[in-house]
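First structure 1, then structure 2: two forms of the same chain, each alone, as structure tokens.
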Structure 1
Amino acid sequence: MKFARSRRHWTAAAAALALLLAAPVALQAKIDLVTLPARDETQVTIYKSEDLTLVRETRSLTFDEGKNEIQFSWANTLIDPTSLQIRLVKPSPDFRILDAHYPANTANTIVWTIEAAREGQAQVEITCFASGLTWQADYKAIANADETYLRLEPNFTIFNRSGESFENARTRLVVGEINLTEAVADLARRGIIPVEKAAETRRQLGRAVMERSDMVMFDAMSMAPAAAGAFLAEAKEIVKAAVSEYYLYSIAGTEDLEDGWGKQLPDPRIDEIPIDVSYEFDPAKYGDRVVKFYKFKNNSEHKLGEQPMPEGVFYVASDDGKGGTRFQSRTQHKYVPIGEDYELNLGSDGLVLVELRTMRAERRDLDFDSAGDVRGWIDLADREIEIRNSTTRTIPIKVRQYFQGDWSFDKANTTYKRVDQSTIEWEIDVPPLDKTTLSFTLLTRQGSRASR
């Protein structure tokens, strides 16, 4: 949250933190605001797999001796009230957090009671879960005219629809599947709930999220950028680090995340990633189309491999040989761990065709039972798969075929791989402007001839 720093949000009263002095009894709605403490730092950690943002901010508060009440309230923004936590940045025996309560008949408000042994200042950190901040990765991938290299331009875009603006916020993006028992937005809309249920919810959230977030926080703090103000002239560096099962992208310096706006932060592009062009024919996945792919690995050989790459949309283009680019495909790609393959699906280019034919069929080896009825036989089929390459380069192609029942190959003119009991796969190269024919005899045992 941004606590009433901007004029706009000050008037909108999106979230406010007030220090209420000497409130000896239950909070009264009309208690005057005494001070509005300045915010020292805001940090947002935005998760990708859930609508979840961990917001953490620190403020310096001045306490009077005795009990002090800290009121935190918000409006027009979705905060899970069960997630609100306060702690002293530097624990001191002079200041003690006694309790927190949610005033009756006052929505979206929490009041913490802090006991001070003396008058003095202490820095507190407030954390909460908020909804409405999301981020996505997308990639522009441009191949050279020969389709031997790829330039990759990753972008990270943050969308802020939380109802709250964040200025000068240290921003971190988390990749990974996190477990939530309840959506933050639902919890925020529901407001505070009965104690026994709230406690359970808090426990669950605490286990599932908070501990992990704390791990992330610890790591990120250690690599926090030095001076945000000094960083004006360059594109922001995005520092990546592994944390448990997650991957953390920390954006150097601070960012203004205006409510309603999206903000895209380009990661440095990677030039000349060597790629392989290949094709696939797989009726189960692509129907009767031959699909073209750009393939490379997330490893050092391909100038990558320093971190896993988040899922995202790839806009793939290639040099059109006339000083421009031609659009190839818009394709979603899954999260790619270090060392894993990238397979950018470009769709069909219409230049590689596959034709399936049965050249001969025969029913043989009829088996008769004692009554003279046919109880089994063998179907034989000579089949061909003709692959025609209209491109001017040798193309590698993977062909898959599926067979049911008790089948076997009697002969095949090319090496193949049996993927599972119903799948055969060929991987071959087809010369330019030429064709290759895969041929085999398929024997399918029926009835009493079948053994599986």
Structure 2
Amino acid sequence: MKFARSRRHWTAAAAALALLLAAPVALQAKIDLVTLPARDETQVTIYKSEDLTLVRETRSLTFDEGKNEIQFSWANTLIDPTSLQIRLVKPSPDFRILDAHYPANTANTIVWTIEAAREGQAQVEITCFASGLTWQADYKAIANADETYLRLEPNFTIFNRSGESFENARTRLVVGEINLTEAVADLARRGIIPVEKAAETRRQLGRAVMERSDMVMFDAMSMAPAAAGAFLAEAKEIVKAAVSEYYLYSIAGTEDLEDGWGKQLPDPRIDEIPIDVSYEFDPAKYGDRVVKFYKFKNNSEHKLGEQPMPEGVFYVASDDGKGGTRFQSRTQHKYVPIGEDYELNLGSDGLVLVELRTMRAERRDLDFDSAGDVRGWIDLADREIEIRNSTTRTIPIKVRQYFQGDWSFDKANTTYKRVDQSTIEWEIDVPPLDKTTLSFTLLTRQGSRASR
């Protein structure tokens, strides 16, 4: 970036905003960095699904009386030149932005002219959109020996391939369900925007999301000549639905984000989150395995709930009671809005087993047609589900079974719930180092014996 005044010149790389500005190829410029005022503040907002980053930086500049020029070059970068803007942080009658122009025979350069009524200092903010930065989240989750509390350690890794390094940058991440691709496709199908403008519209809406500006978001729809009246109102509703679940997640503190590097930014850990341990046996989901879960909510009762949690990988372990930890699982978890449940799938637990048995089977109540052939009957089966708990504490377990045809239960020894036409569910507690047996008789009506 080059800053120039009427009697004095500062030159430097398109540093500031070359931020992500830069593509994987950094801007090369022969400059004296010492003459460039240091950045007062830098903020990057990264929206990874659209490969789009909003960069905001402020610098304190000293102006001479009269016209002063600030030059910015984006050569060899991924900056979107149409997004470049400059403004005075604190509007003053003594300083006025006059215009922006592009010097002849100078490629990839913009010059802003600022008029000063007096010599003095003012802070400016320059913003732009660029590509080349992305992020991912992962979490360490460590339970205590009794598995009653969890320690959660969030980490966010920022990958900077923008060609520019950022010192002391505040970082925000766009997280949540933002379905701009689907929304824009819907707008095109309805004829609200031209199909050939779909990519441009998605880009504009992506910018609006990061700026958190509903006005900008809706004004973006006006780019389509067909979007008028009722069509525009419909477009706004579609866009609202697409971004209703998004959130700007701010990472605590500031960090240096060096070009070409990935850097892990730890968020403050949360200790003693109350958790519930439960088990599920569901052949449709997990086959013949019993799956263990840690469950808690993203709310204040669980020392969370101030903001949604980005999707990411959970590395789950527990205290082994001997001064070490025991690895439990690596599981991918979706974005969790405020107030919603976490269910960390820890995989199969060999200490809890389920065995299915058929104790007796018979066919009865045969129905014959006039030719003496069987046309209907009832299948009867006495079945057992044995649950063995080899842990030293009582466990809650949910057991599901699925049946086809015209069926009913008889002589069940434990309360159950009929979830739908084909599903039965039990929720029970099994004592430590013990077993529980669910028994029932299954009646299945076949042929002419089936209900009509």
Partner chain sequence: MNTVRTLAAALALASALAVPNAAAARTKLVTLPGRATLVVNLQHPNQSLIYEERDITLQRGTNHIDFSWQGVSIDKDSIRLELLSHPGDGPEASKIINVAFPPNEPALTWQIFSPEARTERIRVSYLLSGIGRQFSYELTVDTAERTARFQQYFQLSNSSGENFDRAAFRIAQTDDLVRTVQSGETRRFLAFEKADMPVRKLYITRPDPYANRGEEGEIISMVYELRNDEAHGLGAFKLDAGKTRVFGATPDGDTIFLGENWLPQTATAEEAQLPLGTVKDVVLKRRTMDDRRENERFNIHRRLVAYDRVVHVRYEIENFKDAESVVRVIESLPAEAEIGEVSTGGVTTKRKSAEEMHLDITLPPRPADATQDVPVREVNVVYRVRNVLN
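As the structure is a computational prediction, the values presented were derived from the model and not from experiment. Residue 1 is the first residue of structure 1, and the numbers go on in sequence order from there. The term rigid core refers to the most C-alpha atoms you can superpose between the two forms while keeping them within 1.5 Å.
Please identify the form predicted alone: structure 1 or structure 2?
That would be structure 2, which is the form predicted alone.
2 Å or more on the CA of Glu255 between structures 1 and 2, with the rigid core superposed, yes or no?
After core superposition, the displacement of the Glu255 C-alpha between structures 1 and 2 reaches the 2 Å mark, so yes.
Does Pro91 move appreciably between structures 1 and 2, meaning a CA displacement of 2 Å or more on the superposed rigid core?
Shift of 2 Å or more: yes.
Superposing on the rigid core, is the CA of Leu133 displaced by 2 Å or more between structures 1 and 2?
Yes.
Can you give the CA shift of Asn168 between structures 1 and 2, in Å, with the two forms fit on their core?
Its C-alpha moves by 6.1 Å once the cores are overlaid.
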